[in-house]
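Below, in structure tokens: the form predicted alone, a single chain.
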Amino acid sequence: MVTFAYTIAGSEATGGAGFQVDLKTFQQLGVYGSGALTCIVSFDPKNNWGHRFVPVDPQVIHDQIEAALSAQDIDTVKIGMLGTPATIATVAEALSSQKWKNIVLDPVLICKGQEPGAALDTDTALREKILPLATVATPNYFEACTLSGIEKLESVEDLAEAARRVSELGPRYVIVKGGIDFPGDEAVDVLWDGEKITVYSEPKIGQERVSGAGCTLAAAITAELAKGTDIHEAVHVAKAMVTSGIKARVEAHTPFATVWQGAYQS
């Protein structure tokens, strides 16, 4: 029997993040993936690889979601970059059209390529309309600080407290990703399940950011939850996939490498 998972996210032209990563991750974990594009992001090689951001029309986003949910029985979705308040409103309305077992939110609070005022409006709309609907949230270091109101995350206890505070905004489960910004030699993530904290730790692989790590983690959790995996095991699988993907990172002419989802073997 085929397991389905859905993604609502932006396209990243090099294949190293966003929609493309979600589908590759779903496929690697044996899940049939489909999704709706919310925006088109393409790096500008003539301008220090900065972001060029083009939103998809809200009606087109609505139509994509309507078609997929009408065609297949889908109850698990991962939400990535939305990009504008109009997109967020459209997605929130679409989510309310049916019941979901799992809504996994990778809360992208920084929409590179936008003006600061527009980015702030987007952040506010995401907090108000999408975060309360999520069953799982996977904020990175910056996003966890912003959502929790904690200035710095310097210990596992700090990560745990941030996760607990974010859960108060709606999500049942919160995974805070320490990432490269977390001090020390370990890449530490924590899961708050409403009752206890579980710590997932692996030695850091280099000191440079690797594009697509956060997308891969959230997408892997989504795929595993779609298969009926327990949240703790889902995060374990996702952490292992990200670690193997960073070890096998794909180098390019860009100033950053990207995660290779195909390196993971269950």
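Note that the coordinates shown come from a computational prediction; the quantities given were computed from them, not determined experimentally. Sequential numbering from 1, following the sequence displayed.
Omitted from view is the form predicted together with a small molecule, to which the following refers.
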- prompt: Looking at the small molecule in the predicted complex, is some heavy atom of each of Val41, Met81 and Cys215 within 4.5 Å of it?
  reply: yes
query: According to a 4.5 angstroms non-hydrogen atom cut-off, is Gly10 in contact with the small molecule in the predicted complex?
result: yes
task: Please check if Val77 has a heavy atom lying within 4.5 Å of any heavy atom of the small molecule in the predicted complex.
output: no
query: How about Ile246: is it within 4.5 Å of the small molecule in the predicted complex, going by heavy atoms?
result: no
query: Could you tell me if Val108 has a non-hydrogen atom within 4.5 Å of the small molecule in the predicted complex?
result: yes
- line: the small molecule in the predicted complex has a heavy atom of only one listed residue within 4.5 Å, and of His62, His232, His51, Arg209 that residue is His51
message: Given a 4.5 Å cut-off on heavy atoms, tell me which of 64-72, 194-202, 41-49, 28-36 is the interface stretch with the small molecule in the predicted complex.
response: 41-49
